[in-house]
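Here you get one chain, nothing else, as structure tokens; it is the form predicted alone.
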């Protein structure tokens, strides 16, 4: 009798193990992620470290499969890929997915840290718009304290870019046009050649990152001070976010907050290091007099907020109130 029960016991144990395995698998979600920035950029280097941490600590719960950068999905298509669920997560800046929603470009104008935005209602206001207009959850901002600059191959002595051809993204289109520039839009990967061939006389870019693209080889000047604040964030398909169970969602949000907590120390130091590195590479700083500097910075924010007010006056007014110094 006991002998005849052995196959039955074995079958029951096997079924239990199989059920446990299936249950464990069902509790783990694999999220597909892409970056709008090249794989060799500093942004992606830090992202990969974060993903490794998420995966190591999230076994059986949340895993992230990093598919790649622009070679996987073109820079300006990452936002749409997240919106439509082609991928689950994206590392991008709002300037790269204005084709999905113009409001994404407003984030450059914020002047307080993301930690404060979470406390004063700005973060919730952003998510309300992102949810509704782009089918996205705005998970967190992972780059801060990175002012934009105008980089040039020709010297200027006042806040005037008349006659110069400047490569842009939507981030600074209106500002550069207000300065009199002829603007040209190209993906980051084409800027080096455009500088080399004289197709453009300069470009806008944050204080960090030009060495990742070797642009320092063709750059002679940088206008100081910077303006706006480079915004790079993690966005997620809203349907996928809603489909996470409470444990998975809590874990992902915990990891996002841990990444954001590094912002003050990491990015302030990086900005200083990159400025010093540019100086060493021979890129000269252009500084206007006090009146010229004030005019330059005021023009930047006036142009930025004017455009935002036209696109979505209600949200722009709210964001300006919550995030301006």
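Numbering follows the first chain given and starts at 1. Computed from a predicted structure; not experimentally measured.
Unshown form predicted together with benzoyl-formic acid (173); subsequent notes refer to it.
For the options 206, 159, 79, 140, the one in contact with benzoyl-formic acid (173) in the predicted bound form, meaning a heavy atom within 4.5 Å, is 206. With the partner removed from view, the residue among 255, 169, 110, 237 that has a non-hydrogen atom within 4.5 Å of benzoyl-formic acid (173) in the predicted bound form turns out to be 169. In short, of 121-129, 198-206, 246-254, 217-225 it is 198-206 that has heavy atoms within 4.5 Å of benzoyl-formic acid (173) in the predicted bound form. In the predicted bound form, benzoyl-formic acid (173) sits beyond 4.5 Å of every heavy atom of residue 106. Although the partner is absent from this view, residue 174 stays clear of benzoyl-formic acid (173) in the predicted bound form, with no non-hydrogen atom inside 4.5 angstroms. Contact check for residue 267: every heavy atom lies farther than 4.5 Å from benzoyl-formic acid (173) in the predicted bound form.
Contact annotation for residue 151: none of its heavy atoms lies within 4.5 Å of benzoyl-formic acid (173) in the predicted bound form. The partner is not shown here, but in the predicted bound form the stretch 222-261 reaches within 4.5 angstroms of benzoyl-formic acid (173) through a heavy atom at 230, 231, 232.
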